[in-house]
Structures are given as C-alpha cells and as structure tokens.
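Single chain ahead, by itself, as structure tokens, in the form predicted alone.
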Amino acid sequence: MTPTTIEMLLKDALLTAQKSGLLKAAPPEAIPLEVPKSDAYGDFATPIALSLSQAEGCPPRKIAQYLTDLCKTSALFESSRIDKIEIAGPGYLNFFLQDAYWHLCLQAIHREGSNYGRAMVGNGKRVQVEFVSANPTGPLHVAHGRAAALGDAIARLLQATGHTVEREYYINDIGGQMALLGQSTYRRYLSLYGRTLPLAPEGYHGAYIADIAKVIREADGDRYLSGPEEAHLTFFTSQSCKILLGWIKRDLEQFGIHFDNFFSEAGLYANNEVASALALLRTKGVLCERDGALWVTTTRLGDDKDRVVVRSNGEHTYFASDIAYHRNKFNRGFDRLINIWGADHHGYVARVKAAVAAMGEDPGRLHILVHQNVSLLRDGKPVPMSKRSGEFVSLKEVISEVGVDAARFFFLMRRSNTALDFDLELAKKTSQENPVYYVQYAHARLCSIMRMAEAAGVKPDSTPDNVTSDVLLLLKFPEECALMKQLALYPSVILGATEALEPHRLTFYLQTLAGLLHRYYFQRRIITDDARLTQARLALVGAVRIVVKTALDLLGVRAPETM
C-alpha cells in the first residue's frame, strides 16, 4: 500500500543519502506520516526533514530537496501511484496520490479482510516478550494492569507482522521478600486461633494475607499451631506463593492475558544455572572479589558502577538471578528479547545489558521497555497503592468497575514512558467523552448500517469486489476522502507501532478513524435511493468496519456489534 511505499521510498532515499555523504544519519526505525488537514498539502505528509535538521546541521528544506530528488529516481516511484511530491513550509514533504489509489485501497481491505495491514516483515523470527512478572507477594494492582495490556498488545503486533512470539512471566519466588511473605502469613494464621504475634514492620500487612491464612486453615486446620515458627516458615512461604500465583493467574485470565510460560527463579538455582552463569563470567574476566563479596565489573561495559552478585554472607543478589535468567533466555534460541519492566526498574537497564554483553551475547538483541506508573483517580485524588500497607486498588477491582475493554484501552492510551492518569468515571461513561466507547460505538453503528442494508435488499458483503472504479468515483466528498486516507494509513500505523513498540499509536489512530466515521454518518446518508452510490458508500463504511475490528483486536479489545 502506498503509505508503506512512501516509508520505503524515504528509507531508501535516506540510506542512499548517507552512503553518498549527503547526510550522516542512518534511516530511523519509523518514518512519521500524517494526513494533512488541507488537500492543498497533499494526501500524506512527513516532517522527517525537520526532525533530521539539527543533527545533520543542514537546513530542513535542503534535506527535503535531497529526499525528493532521490525518491523520484527510485525504481519504486514508478509503481507507487504517487502523482507528485512537493516541499512546503519549513521543510515538510507532501505526497499527492493518483485517484485510482483510493479505489485499490478499498478493494484491498475487502479482499484481505482481517489480514489487511498485516505484514511478514518478521520472517518468523522468534521473539520472547516477558511482562508483568510481579512478585507473588500480593494481588496485581493497576500498574501491573498497564504492563499486562502493554505486553500483550506488543505481542499481538509482533504476531501481526510475521514474528513468532512467546509470552513469559518470570516468578521471583525466592529471597527475602518471599521469606517475609511466609512469616506474615504464618502469624496471620496464628491470629485465627487467638494467638497474636506482631507482624514485622517490613512484612506484609494487607487484608489479603489473612485471606491466604484462611485458605491454609480450611485445608489443614490447626496442624501448624505446635512447634517453633521456624519449623513452619518453609511451608507457609511456598503455600502463600502458590495461592497468590493462582490468584494472579486468575486475574490475568479475566483480563484476557495468556502466557505461554511461567518461569520460576527458584528453578534457576535448582538447575545450578546461577552458579553456571557466574562461572561463565569468571572465565570472561569480569568477576572480582572485594570486601568479602563477589562483584561483576559492569562499569567496563557501560554501567555506572560495579554490581554485587554474591554478598559477603554468601547470599546471592537478585542481579545474580537476572544474569542466569537472561543467559537461559538466549540459550533458548530467541532472536530477540523484550522485557517490560515497571518504573522502579529504570536503574536495572544498564546493568542487565552490561551483563548480557559480558556473557558474550549481543545486548542489541535485548530491548527493555520501562513503563511509568498509573495514577488511579477517585474524586480527583490519587489512590495510594502500597502493597505492604494493603492500601492499594487491585487490577481485579478496576476490571470489575470499568470492564476489561475500557481498562485495556485506557492503559494503552499513552506512550509507555509517560505517566498515566486513569479516570475511572470517564472509563464508565457511555458517551463520546469516553474514548473506548466512542470507538466501539463506531463498530456497532457500522454493523447496524449493514443490517439495515440487508433489510433493504442490499447485500453489502458481496458488493466490494464487484464495485468498479467508476462506481467508487462517486466517493468524492471531502469527508469520504478523509476516511479513505485514514484507512490507507493503517498498514503503516501497524508497522510503526511494532517497530517502536508503541501500541498507543493504535488507540490514537482508532479515535481519529472513529471521529471521521461518526461525522460522515451525520453528514451523508449511506443507504440512498441511488443504488450505485449506496454500493460505493457501503464499500467505504464496510472497509472502516473491517479496520476498526482488526485494530481493536490488536489491542485485545472487543468490537461489539450492538451497544
């Protein structure tokens, strides 16, 4: 499709410009394309020349001229259905397309159906997406919900672009936090029998701890009342972890998130993988002993300081597990690893990449996405979400209040590296103020139009391939052209969102497409007394219905037929 072709033309032009010395930079991962507000500025436009200007030390209009000349000499240009390229303003590149392109686009959407916009650029490469990975020390909260929606949407985008994807959840099921969990649960268990031991200040105080204790009491009764506390902590730790992990899996299932693998940190030690990974680092010359502890000299590989992997008391750090875990990932043969971490892990990025390089792996194959926190608003006030104090709102509560569709869509409405305000009241509104309702209603409205057409004796699903270009020429109003341009942009939106790992681009796209559709609905009759015009308009809105549904599916959001 032409927007994708425009991106290919520009990337080839940038590469040629770099090789010839006209420009210094390599082509970026994604070329930004826009639909101009006025037809005078073409059908598609890009500010790429402006964004390159400062780094290149070259006026943007001069860069735009380089790119225009190189695009026109490309072999792709002849078959691109681009009528002309103009340079406008400070350095925008405006592309004008031949009229026939829009007709081909509509026919392609109906022909390809849910496959429209998908591509095989991944060539089957294996990608692992590791996300959520919340410590099993409490139920999932809203920040975990953002990670879940983000990871699943990225996995869906990768699959839509020809990658083989595996979703993984890493379980931190050993260490000091798990020991505190076991102790907290045991003491709550004792309190059920009237025996009170104070909870450690750094322990877990939430009401869910008492719920775990009740589950254990229902299963085993009072069998753990006798004997010293230490004799029971191993059981209470493992059982608490098991129960919480079951709750986490249940909540994820309700949220529509399915993992291919749950990977246990404890398994790394059981299989001697931590010791093996540290032995490998020793052979690489990046381990050293200092103050009785064992350190990895990650400063030699880009980290801001060296890191402890074995403390002076002989205990391994979480970093030691991280090293072994990433070695395990690479040994499983993935072409690319994507980790999605919470905001509190920002400082871990450099050290993990340094450890990957130290083991002899390419750190460029590991992409770490750090998402920012979610502020859940109630009456305009943030809700505290501290797991240990118990003052947090769980993901389950949010889903129960606003529904899965609204929660997933809202979690994906902002770039992952920006903070997100989640307005519960907005997410529940059944009006155009609510973005997900606005988009879903567009699909339901289109389904209603199709039912009306069938009732009037028109068979819209059989018309698109039979509609000839002369019929489609009847789609000449500005709002019809705007819809066709937005539909044509969809494949490049998918590619751009996948390459940048930014599914929020789809939520923006859908809101724009839904807005255009709703305005068109109120401005023009779809089913008219003119049979040829009706067929043309049904072909147009039918294409919109296909794209809305497939895009919502990539976000894990339903496309209802009635609302």
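Just so it is clear, the structure is predicted and the values come from calculations on it, not from any experiment. Start at 1 with the first residue shown and count on from there.
One more form of this protein exists, namely the form predicted together with the RNA; it is left out here, but the text below deals with it.
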Checked I243, V286, I399, A444 for heavy atoms within 4.5 Å of the RNA in the model of the complex; positive is A444
Of E433, E166, E112, D211, which one comes within 4.5 Å of the RNA in the model of the complex, counting heavy atoms only?
E433
Which of 102-110, 412-420, 119-127, 224-232 sits within 4.5 Å of the RNA in the model of the complex, heavy atom basis
412-420
Does the RNA get within 4.5 angstroms of any non-hydrogen atom of K62 in the model of the complex?
no
Close approach of A343 to the RNA in the model of the complex, 4.5 Å, heavy atom
yes
With heavy atoms only and a cut-off of 4.5 Å, decide whether L513 touches the RNA in the model of the complex.
no
F255: heavy atom within 4.5 Å of the RNA in the model of the complex?
no
Quick one: which residues from 78-112 get a non-hydrogen atom within 4.5 Å of the RNA in the model of the complex?
A88, P90, Y92, N94
